[in-house]
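Starting off, we have a lone chain in the form predicted alone, written out as structure tokens.
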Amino acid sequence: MNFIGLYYFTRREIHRFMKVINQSIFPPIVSSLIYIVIFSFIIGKNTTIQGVNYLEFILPGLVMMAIINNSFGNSAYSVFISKFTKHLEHVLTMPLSYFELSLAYVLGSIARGLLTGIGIIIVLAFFINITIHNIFFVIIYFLMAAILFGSLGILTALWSKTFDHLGVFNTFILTPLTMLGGVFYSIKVLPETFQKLTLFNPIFYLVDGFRYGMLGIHDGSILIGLIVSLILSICSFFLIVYLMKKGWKVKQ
């Protein structure tokens, strides 16, 4: 492992989004605060789901949604801009293995997702009672979400030829799956058919597992969710390593 090269390339990725912190970190924090304020007025503070206050119930979902979106956006735009400016071709010639290069991009996504998630929790702690039921599940589901969608961000960037293509994945795949993944509701309130369909949504398992880590409640099987999320995150990362090695959509 070229630890020095990995460190500096990861630091470059972190420095890149920290330079535009007003666009990368603050917007999801403000959006989450707006969600809480709106639901507080519309639904009220006394509504409960599975014995938990509704505002507390949606907090893990809001944090996970921000982690997913920011992890994806960080690697997607970083790789696409490098590809668009032909800088990625030079990056691939650096004295870093394809594993190390992919890892650096994903570590940048993890860092951005971590800062965003912590920022949301700190801000919303002034309005909601924050609890941690199982810190292990909080950490593992955060890492799996950041790795999975950081890797998918790279995949989308390699595939995309224009900025519009990045928007296609985000608008027609990522956003619908997130909104239908149990962020704002328990799937137990859905008809049985839709409950079964939700089980095919990978984001549901991330939200459900993260909610279990924070609140101790869940809708699906924790074991199945852990296995599915772990397999998807590992496979997506090593797929990126393989595509980087092949120079897919870059060397062609």
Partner chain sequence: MYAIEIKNLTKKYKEFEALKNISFKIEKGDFFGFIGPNGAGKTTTINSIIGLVKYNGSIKAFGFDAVKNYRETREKIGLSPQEYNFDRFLTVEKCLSYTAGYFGIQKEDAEKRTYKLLKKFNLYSKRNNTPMELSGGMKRRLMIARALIHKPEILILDEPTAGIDVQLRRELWDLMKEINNEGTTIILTSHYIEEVEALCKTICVINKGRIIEIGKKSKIMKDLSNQTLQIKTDKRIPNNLIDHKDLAISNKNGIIRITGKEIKKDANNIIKKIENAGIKIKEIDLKNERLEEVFLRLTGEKK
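Residue numbers count along the first chain shown, from 1. Everything quoted here is computed from the prediction, not taken from an experiment.
One more form of this protein exists, namely the form predicted in complex with the partner chain; it is left out here, but the text below deals with it.
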Go through Ile139, Val123, Leu92, Ile132 and name the one with a heavy atom inside 4.5 Å of the partner chain in the predicted complex. Leu92
Specify the contacting stretch among 151 to 159, 84 to 92, 105 to 113, 173 to 181, defined as having any heavy atom within 4.5 Å of the partner chain in the predicted complex. 84 to 92
Partner contact for Leu166 in the predicted complex: the partner chain, 4.5 angstroms, heavy atom: no
Wondering, does Phe237 line up within 4.5 Å of the partner chain in the predicted complex on heavy atoms? no
Exercise: Tyr98 in contact with the partner chain in the predicted complex, heavy atom 4.5 Å: yes
For the three residues Lys45, Gly213 and His218, which mark the spot I'm curious about, does each lie within 4.5 Å of the partner chain in the predicted complex through at least one heavy atom? no
